[in-house]
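Presented as structure tokens, the chain that follows is alone, the form predicted on its own.
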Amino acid sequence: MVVNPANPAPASPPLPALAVKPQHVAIIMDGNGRWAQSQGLSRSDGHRAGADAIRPVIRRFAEHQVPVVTLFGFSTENWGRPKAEIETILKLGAEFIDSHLDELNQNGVRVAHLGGTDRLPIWLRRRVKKAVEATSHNDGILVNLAFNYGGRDEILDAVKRMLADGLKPGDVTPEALEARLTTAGLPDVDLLVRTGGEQRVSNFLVWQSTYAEYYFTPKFWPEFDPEEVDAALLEFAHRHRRFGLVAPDEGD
């Protein structure tokens, strides 16, 4: 991505050579509040710092030519947080689109939304729709914004669609379900990254991550920078993925 002259970012470090690259990286952006606490700041300050961390991360994945990145911004369970914190997160989502949509569009980034929009305020719904429509023609990196998203809800909705479409039990296949997920047509998650030191997936892309490689880092999301992206991709490149099979050199 080209740096926005009005808000320049530090130059990225040289790209490391990667023998294997993931086609789809999913990120649980965790630790904004704990980062803020460690800095003596408010949780709102932490979420703002987390929003600022998104651009350089997207840019770095684009430099690595990773086709799809999905960012977990707000889960269906997050509605249980304090009202003021929810409002901050939603407003930051709107501000991100307002501030960076032109730049994303100019750099060929395609934006998509995963999750329901029914609970989102109308002003955020309009911005999400605008971002998706404005970038729909682009052919660069696809950035999925998972906002008001829950993996179990997504699977349940897919099952309901199969029933509404009149599928019989014999017609219910993995392919039929996948065609009704919000990620239909996209590759499964190859690499799932979670920042902040926690080691769980928190109802995120549970179907799509069946054979994903997990990468957990103690770095809080505001600290996750291009070098951290490189570290995650280098770790992925050294993993031996078997998909339930046996590698040829391992015997029976």
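One rule holds for the numbers: they count along the sequence shown, beginning at 1. Note that this is a predicted model, so its numbers are computed, not measured.
The same protein has a further form, the form predicted in complex with ligand FPP, not shown here; the description that follows concerns it.
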- prompt: Judged by heavy atoms and a 4.5 Å cut-off, are 125, 127 and 149 together in contact with ligand FPP in the predicted complex?
  reply: no
message: Taking ligand FPP as it sits in the predicted complex, is residue 47 in contact with it (heavy atom to heavy atom, 4.5 Å or less)?
response: yes
- prompt: Are any of the heavy atoms in residue 101 no more than 4.5 Å from a heavy atom of ligand FPP in the predicted complex?
  reply: no
message: Using a 4.5 angstroms cut-off on non-hydrogen atoms, would residue 81 count as touching ligand FPP in the predicted complex?
response: yes
message: Please determine whether residue 56 contacts ligand FPP in the predicted complex, using a 4.5 Å cut-off between heavy atoms.
response: no
Residue stretch of 33 to 41, 223 to 231, 61 to 69, 206 to 214 approaching ligand FPP in the predicted complex, non-hydrogen atom distance within 4.5 Å: 33 to 41
- request: Counting non-hydrogen atoms within 4.5 angstroms of ligand FPP in the predicted complex, say which of 112, 120, 92, 158 makes the cut.
  value: 92
- prompt: Between the options 162, 142, 181, 145, which residue brings a heavy atom to within 4.5 Å of ligand FPP in the predicted complex?
  reply: 145
